[in-house]
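Next comes just one chain, in structure tokens: the form predicted on its own.
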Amino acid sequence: MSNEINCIALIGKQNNPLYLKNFSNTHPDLKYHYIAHTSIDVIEERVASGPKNLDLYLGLLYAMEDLAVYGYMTNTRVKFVVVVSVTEGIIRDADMKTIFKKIHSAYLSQVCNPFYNLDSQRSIDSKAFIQAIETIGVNANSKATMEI
């Protein structure tokens, strides 16, 4: 993948923000909060109009300026949004699916914690989860710079 991840966001089943990590130095967190919340409408539209045996990976939701927004929704309706800079090259769906599966795995580890309340409106503040997301973003971005 020759493009960098700018943001990873998790949105709860009641459309509340669970977690947002900004990997970009050029854009503020507020921009990514806006992008994550506007992607909710696109995700809901795809789920409502799509087949009932929906794949968890939703693909490219929309492109905005120099950013591409990709989506993924779990069976429990928790949404993952990854914002990627599209400066050059193409982004393969296989690469994005791999990233989403890693994010889903980190989220499953968080949910399996007996002290985590699945129906909570609070943001995820687990150190292990934050470290896992940080690792996913840094590893994906380091691969991106090596392929250029």
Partner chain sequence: MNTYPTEYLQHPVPILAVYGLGTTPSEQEPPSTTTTPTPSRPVTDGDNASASPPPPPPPKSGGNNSRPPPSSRAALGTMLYNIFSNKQQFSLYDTIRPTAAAGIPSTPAFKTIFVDKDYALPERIPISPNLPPPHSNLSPLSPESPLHPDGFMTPLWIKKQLETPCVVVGFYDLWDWSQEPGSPPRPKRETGPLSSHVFIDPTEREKDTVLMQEINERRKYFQDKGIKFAVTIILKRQQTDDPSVEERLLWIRKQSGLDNRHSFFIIGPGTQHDVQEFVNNLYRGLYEPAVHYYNNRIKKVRKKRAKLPSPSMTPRSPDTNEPQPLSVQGWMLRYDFKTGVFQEIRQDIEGATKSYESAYTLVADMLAPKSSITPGQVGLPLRTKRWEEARALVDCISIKICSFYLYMNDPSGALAQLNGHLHMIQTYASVWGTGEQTFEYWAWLSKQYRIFGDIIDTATQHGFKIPIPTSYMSVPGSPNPSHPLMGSGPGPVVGCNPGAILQHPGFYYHLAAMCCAERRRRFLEADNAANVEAGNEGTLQEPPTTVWETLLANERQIDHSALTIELLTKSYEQFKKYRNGRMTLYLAAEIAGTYYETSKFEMALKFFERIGKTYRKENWNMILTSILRWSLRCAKELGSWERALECLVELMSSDLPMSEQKRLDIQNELLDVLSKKTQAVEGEEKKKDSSLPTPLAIHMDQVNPMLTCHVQFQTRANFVDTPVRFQIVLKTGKTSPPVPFRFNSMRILFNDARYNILLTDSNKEDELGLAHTAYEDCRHELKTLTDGEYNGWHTKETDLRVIKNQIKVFEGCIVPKECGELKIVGVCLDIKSPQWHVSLNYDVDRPIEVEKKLTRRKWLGGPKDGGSPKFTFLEGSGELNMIKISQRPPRVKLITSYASQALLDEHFELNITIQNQEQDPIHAKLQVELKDSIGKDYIIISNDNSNDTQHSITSEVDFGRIESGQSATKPVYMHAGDIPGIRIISFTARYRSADNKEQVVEEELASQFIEKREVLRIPFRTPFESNFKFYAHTDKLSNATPSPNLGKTEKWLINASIRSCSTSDLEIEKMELKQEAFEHPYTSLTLISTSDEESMKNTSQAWTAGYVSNTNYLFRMATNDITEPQPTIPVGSIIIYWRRSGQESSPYSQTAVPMPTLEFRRQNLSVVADAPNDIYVGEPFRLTYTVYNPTVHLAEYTASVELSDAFVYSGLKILKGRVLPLSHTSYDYTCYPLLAGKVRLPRLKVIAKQQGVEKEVLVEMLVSDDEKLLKQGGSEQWPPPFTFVNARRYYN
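Since we're looking at a predicted model, the values are computed, not measured. Positions refer to the first chain, counted from 1.
One more form of this protein, predicted in complex with the partner chain, exists but is not displayed; see below.
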item: Joint contact, Val42, Tyr57 and Ala68 to the partner chain in the model of the complex, by non-hydrogen atom at 4.5 Å; value: yes
item: Close approach of Ala140 to the partner chain in the model of the complex, 4.5 Å, heavy atom; value: no
item: Ala63 within 4.5 Å of the partner chain in the model of the complex, heavy atoms; value: yes
item: Contact of Lys102 with the partner chain in the model of the complex (heavy atom, 4.5 Å); value: no
item: Distance check, Asn117 to the partner chain in the model of the complex, heavy atom within 4.5 Å; value: yes
item: Partner contacts in the model of the complex for 82 to 103 (non-hydrogen atom within 4.5 angstroms of the partner chain); value: Val86, Thr87, Glu88, Gly89, Ile90, Ile91, Arg92, Asp93, Ala94
